[in-house]
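Presented below, as C-alpha cells, is a lone chain in the form predicted on its own.
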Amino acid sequence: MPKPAITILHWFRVDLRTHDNTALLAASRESKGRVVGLYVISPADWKRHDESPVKIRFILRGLRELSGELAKLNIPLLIRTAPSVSDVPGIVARVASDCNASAVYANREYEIHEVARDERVAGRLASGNRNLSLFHDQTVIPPAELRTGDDGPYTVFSPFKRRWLTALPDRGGVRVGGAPLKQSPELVASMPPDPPLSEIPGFESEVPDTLWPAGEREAQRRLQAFIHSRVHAYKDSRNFPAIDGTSGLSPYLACGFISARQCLKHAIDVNAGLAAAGPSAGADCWISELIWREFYKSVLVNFPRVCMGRAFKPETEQIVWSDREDHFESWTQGRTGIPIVDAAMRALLATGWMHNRLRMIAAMYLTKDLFIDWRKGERWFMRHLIDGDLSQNNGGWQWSASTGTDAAPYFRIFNPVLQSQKFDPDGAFIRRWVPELRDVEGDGIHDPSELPMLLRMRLDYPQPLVDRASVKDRVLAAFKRSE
C-alpha cells in the first residue's frame, strides 16, 4: 500500500520568494509536492515594531508577485490577518488544520519577540499533534554558530570576518537552491489562493510605489544589473551618494525577495573567489558588506538586549542625553543647518531610503553633535526606511553612537562638513535635495554658515543648531563619566 500523501504548510515571513527558500524547498521535498503557502498580515505587530508604511506597501506588492509565482507551481498562497500578535498561533494552527497539514515549516526569525511568538505557535500546533519546523535562511552561516577561541560570541567585526571567511569553505561553500517542483493542481482546486491586499489602514505612504518595484524577479534583475555593470567600481563609488554606486538590494534582502546566498554566490563568481585574491576589489568589498550583515544578525542573537532598546555596551546606559526636542525635530525634517545631513534626511522622507554613508553621517550628527539618544534616531529610521531591519539598523545606530560594537573608542566623531566635502565634493547630492542652496558656489555648499553675511542672509536656510567647536569636549566628558 502506498503511503498516504502528506501536506506541509509553509509559513512565509521574511522570505517572500520561490527560489533558494530553505524551508519552502524542504517542505516541497518532504511532502513530495503538496505544499500550501501562508502569510499572516499583522498590522498591530508591525506598529509595535515601528515598521514603515513604505516597507509595508512594498511587502504587499511583493505578496502579489509571490502569489503569481507560486501559482505557476500550483502552490496556493493563503493570506490571513491577525488583529494582534496573540492571535497568530491560533491562525496558523487553524489553517494547518483546514488544509490537513502534517506540519508547518518556516524560516527562522531571530528577534526576541519573534522567537517568543514561534514558541507559542509551536505549543499551539503540538496540541493538535503537529510540529513547527524552523530553518536557518536569513544568513549564509547561521547566526551564533561562529565562536571565538574561548567559545564566546564575536563582538568586533574584523575577527568575525576572518573567522567567517575560513568557516564558509569548511562548510562546503555557498549553496544556492532552486525553486520547488511544480505540484499537481489538485491543492489549488480545493484551496484557491487568496487575493493579496493592496492597502492596510494606518500604513499609507507618500513615497511613490514606482520607486520600488517589488518581488523576486525585480530583486534578481537588480542583482544581475549590479554584478554586470557596477560591482567592479563598488569599492571606489559606494561612498558617494550622488553616484549610483551601490547594489540597491537592501530592501529586497530585508523583505526576503532575494537571499544573501544568491548575492554572495554572484559576488564570488565574478570575483573568482571569496577574498582579496580575486580580480575584483569591488566584488571583494561587497562581500565584506554582506559579511557585515551576517555580523549584525549574530550580535542580535548573541546579545538579545539590543532587541529591547538596550545598549550593546551596558556602561553607556548611564549617559544622560540631550532632551532638546526642537533639535530632534529639526533633524527629522532636514533643517539642521548642515547641508549634507539635511539632504540625507529629506531624501529619506521622499524615497524611503538613505545611502549608507549618509546614514552614518546623519546618525553621528544626531548622537554626537546634537547628543540626542540613539534610540530616537533608530526608531525614526525604522519608521521611514523601506529596508528597515532591526539587526542592521540597530547595529548601525549603536556603531555611530559609540554604544555598540565599534572597536574604536567613543572619540570617533565625524565632522559632517569634512564628510560632505569628501563624499559629495561638487555638492550634487546636496543641490538635489536642498534646493534653497542650489545656486551656492564652491565650498559654501558644504557649510553656508561660513559664507559672507550678505550672501548668507539671502538664503532661506537655517544656521547650524550647535557650535561644532564644543562637540568633541561634550562627547568626551559624557562618555568618560559613564566609564
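Note that residue numbering follows the sequence shown and begins at 1. Everything quoted here is computed from the prediction, not taken from an experiment.
Quick note: we don't show the form predicted in complex with a small molecule, though the next part is all about it.
This chain lacks the partner; the member of 370, 141, 290, 300 within 4.5 angstroms of the small molecule in the model of the complex by a non-hydrogen atom is 290.
Among the residues 105, 353, 380, 160, the one placing a heavy atom within 4.5 Å of the small molecule in the model of the complex is 353. The three marked residues, 14, 220 and 223, fail to reach the small molecule in the model of the complex, with no heavy atom of any inside 4.5 Å.
The small molecule is not drawn, but in the model of the complex it has a heavy atom within 4.5 Å of residue 234. The small molecule in the model of the complex comes within 4.5 Å of a heavy atom belonging to residue 246. Within this chain, residue 124 is remote from the site of the small molecule in the model of the complex, having no heavy atom within 4.5 Å.
Heavy atoms of residue 385 reach within 4.5 Å of the small molecule in the model of the complex, making it an interface residue. With the small molecule omitted here, the record of contacts in the model of the complex names 355-363 of 168-176, 355-363, 124-132, 92-100, defined by a heavy atom within 4.5 Å.
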